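So this first bit is one chain, no partners, the form predicted on its own, shown in structure tokens.
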Amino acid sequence: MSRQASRASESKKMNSELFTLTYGALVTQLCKDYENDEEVNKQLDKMGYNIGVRLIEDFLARSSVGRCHDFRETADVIAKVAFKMYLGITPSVTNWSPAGDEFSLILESNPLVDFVELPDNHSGLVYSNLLCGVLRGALEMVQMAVDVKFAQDTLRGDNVTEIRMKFIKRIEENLPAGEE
């Protein structure tokens, strides 16, 4: 029995490392294909957005999480359920704005940056910017417009990775004329 558990954890670790290395190859190729880091950051965000738009359906089906009633509840679900489910980590939710429309996700460890060092000539690269796009795309599909950006990054020498999320507005569903 313990032998099977050991194999399962080894397999999960191998899948995680394969994902990390594949993501690294993707970022490397984007850096070769585009002129500057800002353009690479835009492409990572765009790719992440497209992933998030599709990933939300899988998340809702697998997690059995109901509709969130406010932004605080949404933050908790993102941190405690979504990040755990897809990246195997649980970031902390902190630094709420007084209005309650902005918070930070603090990642003690970011699995995307295992084995990564940013070269000096890519100081403007936001290596994990894909995550911002995923969050933005997924939340847009559940009628929440948000602004998502990195505030701190361990790849840039910070102690933690901080993703800052700001609620912009609730998106109203526009039904075609005659349908209600």
Partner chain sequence: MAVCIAVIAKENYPLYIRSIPAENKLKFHYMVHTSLDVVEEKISTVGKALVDQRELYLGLLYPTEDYKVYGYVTNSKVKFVIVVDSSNTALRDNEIRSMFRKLHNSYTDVMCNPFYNPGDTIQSKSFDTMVSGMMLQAC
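Residue numbers count along the first chain shown, from 1. Predicted model, so just to flag it, every value in this text is computed and none were measured.
The discussion below concerns the form predicted in complex with the partner chain, not included here.
The candidate spot formed by Phe115, Pro119 and Leu125 lies fully in contact with the partner chain in the model of the complex, as each residue has a heavy atom within 4.5 Å of it. Within 4.5 Å of some heavy atom of the partner chain in the model of the complex lies at least one heavy atom of Cys31.
At least one heavy atom of Leu21 is located within 4.5 Å of the partner chain in the model of the complex. Although the partner is absent here, Val27 sits close enough that one of its heavy atoms falls within 4.5 Å of the partner chain in the model of the complex.
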